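Next come structure tokens for two forms of one protein chain, structure 1 first, structure 2 second.
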Structure 1
């Protein structure tokens, strides 16, 4: 299995979809999740997102993503439970109460964020960043500089994560214990590592800028790419399906 946000080859339907359809479909899917507050609909969207992950063999990274999203959404859910009282009171607090409506709203937030995040991340696992960039330039007429900046950002995420992992392993070999109990202590140990990571990031960014300039970056136009990205019948069907989900979300 490849690293975080790195393309994984495959022959599934999602792999074979047009890059623009995958990107726009993931965005519309996420928008549909945020348009609806119906818990049943959002649960169905989450099941559909998991089915898409299973169809392209991406369940393992999807589970990892869901754990990370759950940690963030749980924090939002706790804030929502404590400070947005609604429904029948279950627990009385000095500043309000925890109600049944608060619990349902918090659960809705968690399910919504989980469902919205999965297709967006799947898009990067089943699509080459170069194809996504070139398709955006040729089909959507996005200026190449903006598309290149986006692709470079995605490219450097796993690179910086690997750099950070290497730095932490070096510090561990020197006796630093990163498995300290307590988030304050962990932050105190990790913060000094930001300096070497920043230095490494600046060097890599500068090298990438020089390489792009040497290869004629400023001369690149929309017609420079040789690969074409035609829409097939199943591309249209997939796009219409996610638009239909958005319509249902708006109605509900």
Structure 2
């Protein structure tokens, strides 16, 4: 059982990479995707991203993610097709035309978003959030407070999703129908849904803050972490590889 963005234990190469390499690598990978508009290169990036997902056995969440990203990028793609005429005209519209160029541009958008998103999401599935923050504090000298805020935020996503589910069940049992259509009716759902969620989140954050406080949160420094995050040869290779990809993206 694991939820959205929740760590899945494993021993694959991806799991064993240095957390910093994973995080930076994913970011550089995404940047590379946005630097290039070469469809062939982007397709290669997508294949590479999928290979990474397969190598750590994360195909199932990845496919779920791809569906979500596809829905979003399709929206962008449709706008692109309709409003950025380029290439040979295929269909004439009152305000312009749909051209071969528009279709390619739209396809590029879809592939680019998919390729850029996968490694970022993958990072969360193969890295413990605590490792990510600890490494950020140790290696990158990020102040612990900020690193912790980040990890807590990620940590709370499944918690709040779960709360949300409980609240929806409770209200459904009272007869509130969540499959309402129409804006006015949807607004009516704010009260039964958002008020309990808000109250429980405020309660939770409050008690989390107190719990952190009594455990000496303020005393924690960079030196407090026991675990070391040394770079192995493989980490360096991986980092160089993504940087190389970025260089290729810039050249192309």
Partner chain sequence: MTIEFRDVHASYNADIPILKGVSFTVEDGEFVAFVGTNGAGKSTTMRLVNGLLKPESGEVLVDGVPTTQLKTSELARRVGFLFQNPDNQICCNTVREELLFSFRALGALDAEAERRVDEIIAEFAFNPDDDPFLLNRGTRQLLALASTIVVAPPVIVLDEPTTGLDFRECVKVMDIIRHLHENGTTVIMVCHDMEVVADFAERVIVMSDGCVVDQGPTFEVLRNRHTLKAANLVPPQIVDISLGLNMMRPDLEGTLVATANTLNEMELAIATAVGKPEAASSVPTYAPTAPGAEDALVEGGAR
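Positions refer to the first chain, counted from 1. The structure presented is a predicted model; accordingly, all values stated were derived computationally and were not measured. Under this definition, the rigid core comprises the largest set of C-alpha atoms superposing within 1.5 Å between the forms.
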Between 1 and 2, where do we have the form predicted in complex with its partner chain?
2
Compare the position of the CA of residue 64 between the two structures after a rigid core fit and state whether the shift reaches 2 Å.
no
Aligning on the rigid core, what is the distance the CA of residue 192 moves between the two structures, in angstrom?
4.6
